[in-house]
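Taking the form predicted alone, here's one chain by itself in structure tokens.
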């Protein structure tokens, strides 16, 4: 799909590289193989950030892309400046480090990773506009911004446009995305949805055990505490809908996001996970199945 600030179309589904660079050397080799496999399988949207693995995610991605200049040119590469680096001098240093680690002259889309209300948004957006003018970044976006912050960022950036707001959004964690949808549709901002499968919950992976490991519940109030039991009940209902329709639960989750107008960004640490996600994306889901799934998790359903 087209987005403001770049002539390169934004792919409909992508690979998030937040796991890269976090573990041992052997783990990094496996992650490198996963990225290479994703590219071979046709994935072109690759999302990283300066904080992922303290820069190692960007370096690994840059190394994989350097093997094939054609793929490097075709790929839609996204990175983010940390919420701790939103003052002008910090942003200029951050993008320079990102481009060096990626071994690229520019990124196709550059995001504010999360808001920091202590830093005037006009200061941050002013430097983003400067970087776009110089050609170091293409499109400009934000991540984890609610409607008021997104509107403030757009006002500060004008006449340039905010192209993207990347948020946690899936059939379970949907309140923020549902609130943003109307605003983004009206203002031409694309929604990128990270954790589209709720850390594996929306693949049916944890239905047998009835609970998720703590590491998989991070950042979601719907997966922990008082909401956990109700959420697992919703997932069992979703799995029943998918089973009756003869489609994978992951397909229902990904195509629900597509119908919401959101672009799913999945994670994978092994090549077979890439294949499973692309298979789910390639499996059509009838609208009546998506309607039934939506009714299960609609916020006023509880």
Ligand SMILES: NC(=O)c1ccc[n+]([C@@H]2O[C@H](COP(=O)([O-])OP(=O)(O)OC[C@H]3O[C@@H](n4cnc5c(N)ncnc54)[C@H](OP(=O)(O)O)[C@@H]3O)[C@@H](O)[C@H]2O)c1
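Numbering follows the first chain given and starts at 1. Quick caveat, the model's predicted, so the values are computed rather than measured.
One more form of this protein should be noted, the form predicted in complex with this ligand, which is absent from this view; the next part is about it.
Shown without its partner, this chain lists 270, 244, 236, 259 as candidates; in the predicted bound form, only 270 has a non-hydrogen atom within 4.5 angstroms of this ligand. Site annotation in the predicted bound form: the residue of 265, 64, 252, 38 reaching within 4.5 Å of this ligand with a heavy atom is 265. The putative spot formed by 16, 143 and 199 is fully lined by this ligand in the predicted bound form; each residue has a non-hydrogen atom within 4.5 angstroms of it. At the 4.5 Å threshold, heavy atoms of residue 34 stay clear of this ligand in the predicted bound form, well away from it. None of the heavy atoms of residue 124 is located within 4.5 Å of this ligand in the predicted bound form. This ligand in the predicted bound form is approached by residue 166, whose closest heavy atom lies within 4.5 angstroms of it.
Using a 4.5 angstroms limit between non-hydrogen atoms, residue 174 is distant from this ligand in the predicted bound form.
Stretch 143-151 is the answer when you ask which of 156-164, 143-151, 175-183, 129-137 has residues with heavy atoms within 4.5 Å of this ligand in the predicted bound form.
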